[in-house]
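One chain comes next, on its own, written out as structure tokens in the form predicted alone.
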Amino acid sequence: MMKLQPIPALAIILYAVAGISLATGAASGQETAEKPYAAKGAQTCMECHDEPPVTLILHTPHAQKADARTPFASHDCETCHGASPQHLRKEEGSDKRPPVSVKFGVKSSTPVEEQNKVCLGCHEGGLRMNWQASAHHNADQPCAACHTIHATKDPILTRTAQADVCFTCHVEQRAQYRQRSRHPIKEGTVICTDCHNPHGSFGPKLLKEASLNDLCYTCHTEKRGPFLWEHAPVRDDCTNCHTPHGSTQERLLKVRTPYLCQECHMEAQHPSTLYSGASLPPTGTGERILAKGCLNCHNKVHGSNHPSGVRFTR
């Protein structure tokens, strides 16, 4: 029996440099050459797709070849769209080409799960770590429904343009945002993602904080407290009195005062005849104080630290 001789260490190194597998004797370079990616990468694609919006991707971070984390550092366009050798050849008897392996968009023939898998291959950490449990994922929404990858500046990442992207689906919020009392969304001072994380969160309604009040307090810190005298509806939920996306009433109130206050304080009677509402017709469950602003006197409605502020007057 022929005795096998050990391979010198230097030979192993030379074999590795040449790309030769010791197990099979095949060159690993041959395996790479057989993969169906376009030989010249993006240059091949640009022979046909040489106009905007396709070419705009060359001006985005995705096209930075010097950054190993980007698609263009690997297989250029095909890193995201998949190896598409069939797309390079026209169908027999037709001027049309078969589509690429992965097409992005709401109307794409590529399943949403497959589209998002490409995006999440790089963008799965950070703010997107809860995507699998998010409302947008459960609604079977592709990333490309909101993001415009080939744009030099993605509109949804632009503060003054983001709301218009969100409002294409959230039409109720669009109507509220056009009310007389609203957050400065149109001006870009406050935008949707200041409050919501569209990729998923631990809070309700995709809120960035664990509760609605904690979110509101990030800007309205003077309402946080703690207070010596606390108003129960305020501590419970800000939306008991306010509607955050817009209102016809001042200060984003759901209903104007005194009607808002008397949703809870229906039986409240003031000591003077003038404010008691005694001369008004009964409502069945109490009497309303018409044309009187409760906040004129109870101006510390969010809470008071004054020893005599039990009724939120100080």
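For clarity, every value in this text was computed on a predicted model and none was experimentally measured. Sequential numbering from 1, following the sequence displayed.
In what follows, reference is made to the form predicted in complex with heme C (HEC), a form of this protein that is not presented.
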{"property": "Interface membership of Glu114, heme C (HEC) in the predicted complex, 4.5 Å heavy atom rule", "result": "no"}
{"property": "Any non-hydrogen atom of Asn130 within 4.5 angstroms of heme C (HEC) in the predicted complex", "result": "no"}
{"property": "is_contact(Tyr217, heme C (HEC)) in the predicted complex, heavy atom dist at most 4.5 Å", "result": "yes"}
{"property": "In the predicted complex, Lys205 touching heme C (HEC) (heavy atom, 4.5 Å)", "result": "yes"}
{"property": "Among the candidates Ala175, Ala210, Leu157, Leu228, the residue which, in the predicted complex, approaches heme C (HEC) to within 4.5 Å (heavy atoms)", "result": "Leu157"}
{"property": "Those residues of 136 to 154 which, in the predicted complex, come within 4.5 Å of heme C (HEC) by heavy atom", "result": "His136, Ala139, Gln141, Pro142, Cys143, Ala144, Ala145, Cys146, His147, Thr148, Ile149, His150, Lys153, Asp154"}
